[in-house]
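Okay, so here's just one chain, in structure tokens, the form predicted alone.
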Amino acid sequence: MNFEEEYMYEDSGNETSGDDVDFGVEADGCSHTNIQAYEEEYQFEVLSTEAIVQHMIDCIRDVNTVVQIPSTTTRILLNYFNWDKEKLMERYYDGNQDDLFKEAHVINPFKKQTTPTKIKSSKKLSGTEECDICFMVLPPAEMTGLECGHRFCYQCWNEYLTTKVMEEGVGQTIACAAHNCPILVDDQTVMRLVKDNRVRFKYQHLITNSFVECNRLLRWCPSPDCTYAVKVTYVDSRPVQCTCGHTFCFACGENWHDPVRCTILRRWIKKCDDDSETSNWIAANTKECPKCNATIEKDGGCNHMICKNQSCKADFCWVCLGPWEPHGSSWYNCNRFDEDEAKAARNAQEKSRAKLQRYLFYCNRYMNHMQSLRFEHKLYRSIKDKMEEMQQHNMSWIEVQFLKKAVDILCECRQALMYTYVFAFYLKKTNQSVIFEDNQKDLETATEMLSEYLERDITQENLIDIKQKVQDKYRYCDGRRKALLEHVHEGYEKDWWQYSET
């Protein structure tokens, strides 16, 4: 079996549980981000699993035409350099080749190896060998090994490789079965020694998946159950659209998130993962210790609080957050409410609450647009029914396409608005940020009106009026969305935007 035959298989290469919570989720049926403006500048190609395998084979062939070493060795070397052919070539010709092969954990194919395994003289004279794993004494024909010289029986090799692949999920970096031997097992050896087709399939899957994940110019489509990958000529934060219809940012793999940049979006997603589940409950039911800021819940009627933080144990009043000692017998009235220490505690508490309220303000609007975007796929089905009904009222197929166009633009506006709240959360107040918020407000108002028009019942009587309103509004929405994005991009170019450390 040659190298190409080993890799000609059907495999998705993209495993997903589908259970992960993603704050960049795109609604089903609403992947209509317009990327035509980006395609002229940013070329990309969608690859099937078979095309990915062929691309891997082509990379190996390109290197082999120059370096003339075994294909499986080339594959290991390329993987060591994250499939960067130029880096491999540079190191191969400019550096010490012995060191290169040693670092990549392969035997130098240009040097003949001496067998390190010392066969006992009695076994050697009898024409047998002993497997160092199962200690069976077998004929040499039933033993095999790598170029490092370590030999074991076929059964032990099969069990060892099966365990590595199926239980440990190791593909690219399976080392020799000998103790402390770093030499990697090549592809041909794995395919020759493994007998179970399930294990062979899983191994091929691991190799292909590793090829995509470590190659900076390739990325799996993040859509659940999609088996395609996207290939680019250089890495940039640009939208790419998979054959399945999903549009995502190639640089970070999240749904296309214009106008916010990848670094800010990562901060936001982390903050949402950390805060969103409990922030509402915390705001309504807890306060913070005025000394150590630990979150405290009041579980009784007494207002005398003792912090349970072992390094704090502060005594304070739940009502005014001042120290408990001065309250004396009049603690019900909090007669020390205006003392300096209580004021400082309240100010700190208010500052913390204001910070939380600010986060909830932006988070709620972000989540609201995300939820609306998820609901728009239902609107597509409703609009499809309306389009069919309108065709029965003597309107042509072309004449009713304005409804689909309107929903497409509505989804684009929802997605843009969703990410404007991420951008706004980290934005410091400046003259340009005020202009941004005005653009955001204008787009949001128009988007809600367009959504309202599309959810109205369309009848023969109001058909002409609705069509005109919908067309006017979606054109206006599209124009305002583009104006908002252009303003943000101009700000990036001219360094207008200042960010907070929230």
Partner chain sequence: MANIATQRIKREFKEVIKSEEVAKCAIRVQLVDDNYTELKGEIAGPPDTPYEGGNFVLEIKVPETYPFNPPKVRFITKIWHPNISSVTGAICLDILKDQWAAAMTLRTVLLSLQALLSSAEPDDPQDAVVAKQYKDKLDMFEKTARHWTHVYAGGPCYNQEFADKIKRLEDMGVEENQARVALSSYNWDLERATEQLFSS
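Source: prediction; values computed, not measured. Residue numbers count along the first chain shown, from 1.
Although it is not shown, the form predicted in complex with the partner chain is what the next lines describe.
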* Is residue 250 close to the partner chain in the predicted bound form, meaning a heavy atom pair under 4.5 Å apart or at it? -> no
* **the partner chain contact in the predicted bound form: residue 359, any heavy atom under 4.5 Å** => no
* **Contact flag, residue 368 vs the partner chain in the predicted bound form, heavy atom cut 4.5 Å** => no
* To do: Mark residue 400 yes when one of its heavy atoms lies within 4.5 Å of a heavy atom of the partner chain in the predicted bound form, and no otherwise.
  => no
* Heavy atom within 4.5 Å of the partner chain in the predicted bound form: which of 306, 294, 136, 244 fits that? Just give me the one. => 136
* Asked: Which of these residues, 424, 230, 226, 156, gets a heavy atom within 4.5 Å of the partner chain in the predicted bound form?
  -> 156
* Structure fact -> Within 4.5 Å of the partner chain in the predicted bound form by heavy atoms, the stretch out of 157 to 165, 203 to 211, 90 to 98, 235 to 243 is 157 to 165
* Heavy atoms within 4.5 Å of the partner chain in the predicted bound form is the criterion; list the residues of 178 to 210 that meet it. => 178, 179, 180
